[in-house]
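In what follows, one protein chain appears twice in different forms, each by itself as C-alpha cells: structure 1 and structure 2.
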Structure 1
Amino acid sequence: MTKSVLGGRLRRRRLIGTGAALGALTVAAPYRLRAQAGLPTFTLGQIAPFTGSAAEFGEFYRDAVRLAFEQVNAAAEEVLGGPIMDQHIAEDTNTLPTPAIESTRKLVEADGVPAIVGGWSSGVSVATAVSVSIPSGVLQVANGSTSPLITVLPEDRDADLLFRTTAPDTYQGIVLAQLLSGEIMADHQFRSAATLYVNNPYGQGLSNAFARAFQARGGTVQAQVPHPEEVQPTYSSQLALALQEEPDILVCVSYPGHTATYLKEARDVFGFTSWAFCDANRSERVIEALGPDVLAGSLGTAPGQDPSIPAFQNFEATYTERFGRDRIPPFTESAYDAGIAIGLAGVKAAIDGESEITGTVLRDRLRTVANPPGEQIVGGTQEAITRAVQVLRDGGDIDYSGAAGACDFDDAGDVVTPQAIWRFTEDGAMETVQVISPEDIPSE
C-alpha cells in the first residue's frame, strides 16, 4: 500500500546510465563494478495500526521505519554503490488480529518480504508471528509489544524469528516494585498496594509483573482489579474493590482516558490520593482532568524513551524535521530501531556475499550488528548509519545503539531498555527524575 520507492524507476534508470558510463570508462576497476551489480536487495515489510483503536499511531510508526529505510539505503548507496532495500511496504492491521494476519500473508507471500517490522499490540504480534512469519521463515521485529508471553513463546524457541525492540513489561514491573518498596528512593516506601489495570495484555501483564516483584520485596498486594478497555463513565465498583483493604498506594496501569476518570472519582468519592503511575499515564490528559496540585510529586515509571540519550535526541531531531511532526508517541523510536537493525543486517548479509536475503539470513546477522562487540553506532543521524555501513564494508564489527536504548538482543530476541522514573510537577508538567540503566535492573 504505502510505499516509498527509493530505488524507483527514475533513480534506477539513472543508475543504469551511470553504470554503463562507468563500465565504458573504468575497465580497470572490475571489482567495484561487480560488487555494485551483484548487490542483492530485499523488500522491507511493516504492519502498523492505521485504523482501529490505535489508529493515531500508525502513521508515526510508518514514518519512523521510512526514515530507517531512507537512511540505510542512502548509506548503502554512498558506501556500496546501490540501495539494499528496494521498497518499504506498510500494511494496515486495523489493530485486530484477523486483518493483521491477512496483511502479513500479503506481505510474506504476494510481496515476498523477508522481514517485517511490527505488531503494536501483543495480541497482533503473537498471532501474525505464530500463524504466518515463523512457519514461513520470515523475521518479525515487533516495535510495541511488551507482553512477557513473547519471551517464552514455544513456537519461537527453535525458530528464533520473533524479536522486539521494546523491553517486556517484566522490567517495568520490577522497577515499579523497586520504586514503591523504597529501593530507589528511601523516603518513597509503601507496605501494601493495590493495582487497577486495563484488561488487555499490556495492563494485565504489567500488573502481574509488578505484583510478583512487589511481593518478593516483602510488600502486600491486596487486590489487582481489571477494568474494561472502553472508557467507562464510572469506576466506583472497581475502585471500591481495589481500596477495600485500604492499601497504602494505588498503582494505575491504565491509559490516560481511564486514569483521568477514575482518579477523579478516587479523590472526590473515596478521598484517596496516593497514586503511582506507569508509562501509559504519562499524559497531559491526566493533568487536565485532575489539576496539577493533587498530582504534584506523584511518581511513575516508563520504559524505552529516555530523552537524555543521544540516539533519541538525534532521532527526534531528524524525524521531526523530515516529517514535520511535533511529537513522538511511544514506540515510534523502537519502530525506527527495528528498521535500522534489519537494514544493517541486510547490509552485512550483502557484504558477506549472500546472493539472496531471506528471513533466516537476516536473523543470523541481527545480533551481529546490534550487539557488542564492535564499534558503537549511535543511531538517529545519517552520518552514523553511513559510518556503520563503512565499518561493515571494511570487515569490522558494529554495535548499534538505538533511539529506544542499547538495542542488544538477548537469546529470546528481547531487548532491555532503560527504565525512567518520572513525576508530575507543581506547575502541571511531567519530568524525568532518574533513569535506571538496563544493567542496574535486577532479574526479579
Structure 2
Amino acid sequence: MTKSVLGGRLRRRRLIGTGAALGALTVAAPYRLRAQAGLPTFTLGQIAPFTGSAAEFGEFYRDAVRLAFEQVNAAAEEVLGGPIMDQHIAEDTNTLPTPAIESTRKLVEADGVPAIVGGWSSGVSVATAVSVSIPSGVLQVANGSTSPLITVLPEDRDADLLFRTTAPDTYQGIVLAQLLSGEIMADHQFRSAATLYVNNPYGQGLSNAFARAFQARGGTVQAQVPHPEEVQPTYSSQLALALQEEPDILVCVSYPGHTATYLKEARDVFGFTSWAFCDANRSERVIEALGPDVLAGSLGTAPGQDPSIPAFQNFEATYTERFGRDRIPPFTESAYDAGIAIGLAGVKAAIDGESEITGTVLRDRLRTVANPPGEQIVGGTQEAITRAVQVLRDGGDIDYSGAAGACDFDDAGDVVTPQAIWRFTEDGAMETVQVISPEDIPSE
C-alpha cells in the first residue's frame, strides 16, 4: 500500500496489477509496466471523483481508463515490441476544485505526467486546467465535463491543451427543453419550470442552455437557483426560491450528493415531486435516498451513451467481462475514449521518432489519430486497437470511432455525441428509452 495526502487528509490507494486489485478503495492507482529499450514511454494520469458528491462514479472511470491503458500497451507490445505507457496513476478529486487542483499538481510535478484524463465535473476540469495543466504544458482530456465555458476558455485559446470526449451542454440543454416542452413525447409537456443547479461551470452552463431553449419553445422559466458545490445539510432556502411561483416541474442540475439531499426535502417539506433530471444525477445514490417508487417514471437526459453503436457494444462487453461490472454510468465510455485517444497519440509520436513524449507532442497528434481521414477504427476490442497501431506503424492514417460516439475533435477540442433520454424504473434501475443522434438536434 502507498498513501497520499489530499486536502489535508490521508486517503487510501492501492497498487493495481494486471490481475486482481487489492484493497478497499482506490484513490491513486499506479499501474506500472516495464519499458522496452528504444521505445519512448510516458505516464498516463487521471483525476476522478473517488470521494465527494459523485463518489459512486470514480472507480468506473478509473477502470475504463485502465482498460484503454491495457489495450494500447498490448497493441504496442505486439506491433512495436514494447508498451508506450509505463504507468496509469488515478488521483481523487473529491468532486471539488481545490482538492482536484492538489491532485493534478501531484500528477504533474511529482509523477511527471504529460497527459491527464478527467475530470468528470466541469468545475474541476476548468480549475485544474487553468491552475495546473495548461500552464505546465500538459494535455488534459475531460471525460464528463460538459460546460459550454470549456469551448471558449480564454486560457486555452492559444494553448489548445484542454479537450473532451463528450459533447458540450448546448446540446443537452436543447434536448432537455424539447423533452419538457412535449416535442419528443406528446404526453410529457410542461408550461413552466424552475432549475436548481450546482453553482459551477457545469450547473450554470446547463441551466442557462435549458432555459434559453425552453423559453424559445414557449415555456416559462420561473427561477434559476444556484446552490454550493459542497453538499449542504439543508436546501430549504434554495427550494423556497425555486418553488415559490409553483412551477410545473423542477429541473435538477446537480450531482448525486446534492440531489439525494434536496429531493427528500422537496418531497417531505414542500410536498413537491415533479422532477426532471440530467446526466449528473443518473445515480444509484439518488435511488437509495428516495426509493424506486418515488422516482419511477421520472425522465432525464444524458450525453454520450448510444447502446446501438458497435463501439459502445464492444466496449460494454469487454469492460463488463474484464471488471465484473453490472452497469456503465454515463461518461464511463468517454473516459475509455480519452485513454485510447491519448494512448494512440503516444504511439504515433513514437513512430514519428519523438524521443520524449510531452503534452504538446501528444496534443499535436490527438486529432491525427481521432479525426478523419484514415481507416476507421471502431473502439472497444483489443483487435481494433492492435489494428490501429499496425496501420500507424505502416505509415497509414486512422480515424478512431469511440464508444461514446464520434471522437472527432474540432478546433476547440470538442466532440459531438448522441443525447439519451432515460428514466428511473419501478425496480430501482435506470434505463435508456430513446437516443437522439447529433444530426437530429436543432441548433436552439
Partner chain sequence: MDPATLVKAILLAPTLTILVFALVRIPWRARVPLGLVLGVGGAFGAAATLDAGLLSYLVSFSIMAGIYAVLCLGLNVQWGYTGHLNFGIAGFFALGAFTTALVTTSAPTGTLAQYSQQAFGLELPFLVGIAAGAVVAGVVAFLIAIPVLRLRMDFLAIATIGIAEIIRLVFQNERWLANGPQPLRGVPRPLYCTVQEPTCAWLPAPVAAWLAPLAPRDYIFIYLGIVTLILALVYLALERAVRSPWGRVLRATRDEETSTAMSGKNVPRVRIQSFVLGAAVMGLGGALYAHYTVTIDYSHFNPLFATFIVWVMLMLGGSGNNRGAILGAFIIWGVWSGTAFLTEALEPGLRAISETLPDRSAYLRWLLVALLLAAIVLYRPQGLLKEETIVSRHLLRRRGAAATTPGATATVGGAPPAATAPEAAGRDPGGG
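All residue numbers here follow the sequence of structure 1, with the first residue given the number 1. Every value quoted in this text rests on a predicted model; they were computed, and no experiment measured them. Superpose the two forms; the largest set of C-alphas matching within 1.5 Å is the rigid core.
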Item to check | Either 1 or 2, the form predicted in complex with its partner chain | outcome: 1
Item to check | Post core alignment: residue 247 C-alpha displaced by 2 Å or more between the two structures | outcome: yes
Checklist entry - Relative to the superposed rigid core, does the CA atom of residue 101 travel 2 Å or more between the two structures? => result no
Checklist entry - Is residue 286 among the residues whose Cα moves by 2 Å or more between the two structures after superposition of the rigid core? => result yes
Checklist outcome for this item: Using a rigid core superposition, the C-alpha offset of residue 174 between the two structures in Å is 3.4
Item to check | Displacement in Å of the C-alpha of residue 183 between the two structures, rigid core kept as reference | outcome: 7.5
